[in-house]
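Next comes just one chain, in structure tokens: the form predicted on its own.
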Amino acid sequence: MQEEERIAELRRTLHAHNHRYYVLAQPTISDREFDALLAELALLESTRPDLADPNSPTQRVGGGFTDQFEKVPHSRPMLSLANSYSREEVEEWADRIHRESAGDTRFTCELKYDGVAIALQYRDRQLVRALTRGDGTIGEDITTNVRTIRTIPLTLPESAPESLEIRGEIILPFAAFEALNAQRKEKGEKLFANPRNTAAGTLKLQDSAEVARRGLDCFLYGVLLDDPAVFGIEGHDEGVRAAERWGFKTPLVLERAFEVARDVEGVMAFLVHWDEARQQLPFAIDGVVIKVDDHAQRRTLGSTAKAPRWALAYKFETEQGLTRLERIAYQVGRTGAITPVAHLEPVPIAGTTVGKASLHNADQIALLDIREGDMVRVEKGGEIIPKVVGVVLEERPEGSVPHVYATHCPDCGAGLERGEDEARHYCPNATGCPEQIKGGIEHFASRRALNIDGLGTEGVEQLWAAGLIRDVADLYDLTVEPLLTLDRMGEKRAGNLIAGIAASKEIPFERVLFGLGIRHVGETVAKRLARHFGSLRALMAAPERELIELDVVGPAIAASVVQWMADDRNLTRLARLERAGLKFEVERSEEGPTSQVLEDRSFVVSGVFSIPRDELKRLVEQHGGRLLGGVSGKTDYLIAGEKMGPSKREKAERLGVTILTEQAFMSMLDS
């Protein structure tokens, strides 16, 4: 047999065996036999580079580094879902659907996976692109990493459409998450917080070989075709079943994970079942998704700017666990804020094993009278770190004594301070406390500040451990040669890091100011200070009273800025950064609005919108408006999006602040 024919045959055979093993869980050959076929294919491909195929089974293991993730528009928007937290809300939604839809309505019920939304595009039945949700309109191309996920088919059978887009959720099963953290614990590395965030971070790794090792999985269910009826798909149920026939892993592989309900009673039965059964799943879910099945009815119902009217997400109640508090430790944040952390006897909550929980601050510990050795109630909602919400006093050990809050920094030993109106204690040693310095460097390199790729927590820790950085200014002295001595730092990765640091010199002054990490100076304040003073030198010369006169600056912020600028160590850092070429002045292109429609009016923007929130803020400033960091008596308008906190709305109503929807704000610009 010719090499070309044998390569094609091996690829077909291995794709089929891969599907039987990972999707159907029905292998027909041993692992050893599979590996032998894969090795044969790899050998043949090495001799015929002209037959290279990115969708070959040999590419599942990953390899090489991805410099960046291209931003690509979605073929159709990836909308979010409206949320419900009660059975009554589900019933009201279903009643509205029945009223507004023509004819009988069937509902599909499926699990709400706690993972990362993905859009897969196939051309000529070959996977050509995989996009993240992004902002719903534009996603990031992570195809190289997605090809390593073995439950995602790289090629489709002849029965499938030639062109197809399918959407679903990439997850990290509990077993893979626990194994990954066990490996990191052995190496003394920081443990990952939860499967969802770990899955998201894994998909953005530059090394696809590392992605392949992490054990990601995927459920696919949303079929997008120009004319689905041609393939006999009139509704969501038929689309999911077709996707299963075409080789995708769908919810149908799990018992009762996908059902069609003919009335609201059927929907309720599904909710009741999974409110209990979710504890037995090998991966995390945070609710159930209910959809109108029929495509024609969906078109009639339509969508808002943010979410389809024909779908609803029902969120389960926050879960709690009961366990013993072994000891209370303390963490130091980049601003010096001290956070007490409860170290617990491991307890399963919401499918993951919880060993740590936040205690917030000294007041919270005193309020609940939390003591080491107590049996405590731990709650896990949407937080990265679960929190202790109560103590079982009846089970308190004899001889228990109240907890005495720390008086010194656990990292540098400096005496802790607490302001009169502060909830937290702080370490004042900002320029000498290693944890604060490392956190400050990570903040400086973050996307919203200097945007230096490759300098997250692990990257900063690696450079720090090697003694290559002790200050943000040290970044601009780095060269490729010393980087090459670090683990997993090849020439390409080292070159990319140096290039990213060089590119940060073009970041506008307002983001440089934010990146300096001055306490209380967030993005809005940094932008206002930069625009008002125009340069760092002018800001440094400004007296405290002049700062307080600005609408977004109060006494605490003004005092913090003046104090930071008076520190000789900060002045030395600024001088080094200026010599490195960072922008310390507002450029002409950054100055001034393009219209005066919103002149002399102040805005607070809060919530989730159909466009990125940063874009909405940009529009406010572009048309002469002022942005404020929070609702106060100085606020004229609150632009309120989805998921905005109720306290912010209540405060705005109490102060008489005008509340605008996104559409109302856009109409204001048009007028």
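Computed from a predicted model, the values in this text were never measured in an experiment. The first residue of the sequence shown is number 1, and the count goes up from there.
This protein has a second form, the form predicted in complex with a small molecule, left out of what is shown; the following refers to that one.
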item	value
Candidate from E510, E110, D453, E319 lying within 4.5 Å of the small molecule in the predicted bound form - any heavy atom	E110
Heavy atom within 4.5 Å of the small molecule in the predicted bound form - residue from A296, L81, V480, I138	L81
4.5 Å heavy atom contact with the small molecule in the predicted bound form for all of R133, E169 and Y221	yes
Stretch in contact in the predicted bound form with the small molecule, which is absent here, among 531-539, 436-444, 112-120, 150-158 (heavy atoms within 4.5 Å)	112-120
is_contact(P308, the small molecule) in the predicted bound form, heavy atom dist at most 4.5 Å	yes
Any non-hydrogen atom of R278 within 4.5 angstroms of the small molecule in the predicted bound form	no
Close approach of K291 to the small molecule in the predicted bound form, 4.5 Å, heavy atom	yes
